[in-house]
Ligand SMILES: CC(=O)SCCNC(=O)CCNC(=O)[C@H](O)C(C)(C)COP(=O)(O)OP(=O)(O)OC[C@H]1O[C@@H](n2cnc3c(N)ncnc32)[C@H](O)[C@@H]1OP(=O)(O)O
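Have a look below at one chain only, the form predicted alone, in structure tokens format.
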Amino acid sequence: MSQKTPRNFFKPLAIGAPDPMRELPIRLERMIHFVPPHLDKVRAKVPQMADQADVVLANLEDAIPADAKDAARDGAIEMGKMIDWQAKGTGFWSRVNPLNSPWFQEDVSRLVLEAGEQLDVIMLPKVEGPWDIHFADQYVAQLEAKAGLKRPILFHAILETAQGMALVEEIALASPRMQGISLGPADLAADRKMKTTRVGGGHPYYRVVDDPNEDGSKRESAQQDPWHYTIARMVDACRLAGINAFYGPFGDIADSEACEQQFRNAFLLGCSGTWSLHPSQIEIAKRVFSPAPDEVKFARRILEAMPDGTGVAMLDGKMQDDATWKQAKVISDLADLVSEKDPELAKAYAAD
């Protein structure tokens, strides 16, 4: 048997560890803002970032040089003590180094033992199968018991290998700690041997072309999204498990228009949020992963016309039924969550 029985699934994995969560906390997570904790100037801005971002993440993995790993770990612990993250309501996460790296155990042990009261989620890179989650699950449970934590720390996996993608459903279902999964387009592209050096987004060579014209004139073509299938499958796996799907990084910081479109594609496909690598991407993610006021108003009209979610209603010549009621509920519930953090959008959603 490769999975725990239902009766044992929600049992703590260590004596004294907190009970696993049966339902994920309902939180606004439109963007996970990455911070390199070893840089003093950037780390000093963390309290300000906590006012702007839904989640602030201390990054210990990629983009941190090997000779800066210890400094980054120290900086992450300091970030956890800068503010009361739990009281503020901004998520505090950390991406640790991979399980097969020489830094993983110290990353996790120090984070849990020294910042566990504030840490919401550990992001696990390069997850290849449920066995990676099972190992980390048992290890963190032991540390939680040692630290005397009363609230379990959750896991967020990154899909960065073809094997991980092939086993994405098993990864999503591996533990009650699972909070969500993000797409890691750069490492996944390399592992798949995709011929691109871009980090997310479309590619000018990935296109469809019209049939030949009778007059021999130039044929129209359109750039396509090579990540469409991957994101859709990841979203399905996450929803199967009752967890959240996230788009990952968009590497071209200067191309805000393409970044916004990639984020929007992921939002429409069902992703809850994305990563932001630069403060400019925080604002893009806020805009994209918050439903538009016009859509919110129409969704709420559907809910008002069908209070119990049954029957049929006609609004502006469009038929509404129980299926569209469910779609409207998704948008309205998200708008309620956004309104709690964004007064300006709350006003826009409430305006006539």
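This is a predicted model, so every value here is computed, not measured. Residue positions are given as counts along the sequence shown, with the first one as 1.
The same protein also exists as the form predicted in complex with the named molecule; that form is not shown, yet it is the one meant from here on.
Contact check for 42, 199 and 249: all three have a heavy atom within 4.5 Å of the named molecule in the predicted complex. Look at 295 to 303, 65 to 73, 316 to 324, 26 to 34: in the predicted complex, residues with non-hydrogen atoms within 4.5 angstroms of the named molecule sit in 26 to 34. Contact check for residue 49: a heavy atom falls within 4.5 Å of the named molecule in the predicted complex. Among heavy atoms of residue 279, some come within 4.5 Å of the named molecule in the predicted complex. In the predicted complex, the named molecule lies within 4.5 Å of some heavy atom of residue 95. Among residues of the shown chain, residue 155 is not one whose heavy atoms approach the named molecule to within 4.5 Å in the predicted complex. Contact with the named molecule in the predicted complex, judged by any heavy atom within 4.5 Å, is made by just one of 243, 133, 122, 186: 186.
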